[in-house]
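Shown below, as structure tokens, is a lone chain in the form predicted alone; questions about how it binds or moves come after it.
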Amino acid sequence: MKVRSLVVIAALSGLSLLADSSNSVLIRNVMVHPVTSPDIANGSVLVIDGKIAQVGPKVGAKGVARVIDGHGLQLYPGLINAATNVGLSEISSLRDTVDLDEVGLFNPDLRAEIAYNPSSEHIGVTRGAGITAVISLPGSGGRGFGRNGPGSVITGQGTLMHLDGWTWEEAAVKPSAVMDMLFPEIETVPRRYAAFLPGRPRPYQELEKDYRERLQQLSEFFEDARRYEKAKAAAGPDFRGDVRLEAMIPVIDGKLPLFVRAEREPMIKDAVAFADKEKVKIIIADPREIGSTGPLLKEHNIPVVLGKTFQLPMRDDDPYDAPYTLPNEFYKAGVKICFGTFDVEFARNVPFEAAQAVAFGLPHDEALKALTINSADILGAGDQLGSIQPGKIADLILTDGDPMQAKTNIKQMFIAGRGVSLESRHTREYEKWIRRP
């Protein structure tokens, strides 16, 4: 009996490994939410070699060995968190586990993907919320009071990563998706914090002077990159390259967008003016207010990556619901939006950040688009991710409800057609304590 049991267990283990390694599958009898077209009741999705082959009410298996009957379940495209530090930061209080910020004003040659840790505990936790891909940014984006001096302005290249893969090469969907940039600002210290800072508060005139100098340095750096590109084209094979200026060529050629972190209305306007002057593409990231910038952003076709809705208002006299209503204000202004958490520990919460915006006016369908196809489009991967359409990578989640609802369970997840584990540190702890004697 023991021998027979071992044989059965071995056989089942072999089948499990075979199923996990295959990236071809037919998922049938589910409510399909393609996002870019009407929902399909009792629909099916055929995945072959990691790509979506067919979508419709009646789709045959066509020799695919793995068939999943999802009766009563719903199928969505995998969610995308458009701004995180996943894979680059593990425990913020342990410097050896954090690989984000570097010294120097301009670090465009830094590439997030080569520092990405595919064994990070945060990956499994983030997947558990239905997120299959993230933008991992090389800079923390932190701004301290009066920090116009030592911090970086261009932090490096953010990468679009699948939350699956043995190596960073396997996980990378788009290695250089954005160039991360903290737009300079005049950082004044709120009066209630001034007493906690060493030395005297700097007068506004000094802060404004530093701000103008920083903008000038930024413009000069872009001009240096243009001169470098021309010199490289005119030189022969003995041309001595510069890694920083080389990394800027896709930006000044309009192929790589600047991911501009601009919180306030004046910063957004200055960032748009800078983009016009330098003739580069930009994405406004983590704005905390819209002010009068809506028509300006729509006119220039500039998208926005919104940060957390679950946060306090930026100013003491702002309405209590200012962060909750901000996504709907951008949407009503005709600006394309998506969501990011701009951190690692709460990257899993991005669907709930969108849900909070729905409760305060953002249409539900638009919130779902902001988590899927809008994110993919804004990040330059709309032809690969973000919807359930033939030809796209099969990033799919099988759920028992709306993925923006906290009570919804992610039953199965597929990244590039492969079934991936939903185990995480959280589930292991749950299992541990549920079995406590």
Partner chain sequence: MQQVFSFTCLIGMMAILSPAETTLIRNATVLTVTKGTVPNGRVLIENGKIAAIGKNVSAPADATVVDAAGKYLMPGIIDCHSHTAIEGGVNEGTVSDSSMVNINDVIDPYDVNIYRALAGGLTVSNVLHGSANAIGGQTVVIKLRWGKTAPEMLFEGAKPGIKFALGENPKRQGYPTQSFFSRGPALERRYPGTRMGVEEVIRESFTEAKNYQATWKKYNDRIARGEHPIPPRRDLRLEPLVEVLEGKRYVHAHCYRSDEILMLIRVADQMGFKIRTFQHALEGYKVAKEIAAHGAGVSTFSDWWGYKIEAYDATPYNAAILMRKGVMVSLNSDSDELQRHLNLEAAKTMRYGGLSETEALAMVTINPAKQLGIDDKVGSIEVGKSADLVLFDKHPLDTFSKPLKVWIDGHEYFDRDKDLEKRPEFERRKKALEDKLNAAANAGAKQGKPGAH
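Numbering follows the first chain given and starts at 1. All values derive from a computational prediction rather than experimental measurement.
The next section is about a form of this same protein that is not shown, the form predicted in complex with the partner chain.
Shown without its partner, this chain lists S93, S292, N301, T167 as candidates; in the predicted bound form, only S93 has a non-hydrogen atom within 4.5 angstroms of the partner chain. The partner is absent here; in the predicted bound form, the one residue of N328, S176, Q356, S152 having a heavy atom within 4.5 Å of the partner chain is Q356.
In the predicted bound form, every residue of the candidate spot (H122, D402 and R436) has a heavy atom lying within 4.5 Å of the partner chain. Figure note: of the listed segments 101-109, 217-225, 152-160, 343-351, the one touching the partner chain in the predicted bound form, with heavy atoms no more than 4.5 Å away, is 343-351. In the predicted bound form, the partner chain stays beyond 4.5 Å of every heavy atom belonging to V243. Although the partner is absent here, P138 lies well away from the partner chain in the predicted bound form, with no heavy atom inside 4.5 Å. Using a 4.5 angstroms limit between non-hydrogen atoms, F239 is distant from the partner chain in the predicted bound form.
Proximity of D318 to the partner chain in the predicted bound form: non-hydrogen atoms within 4.5 Å are present.
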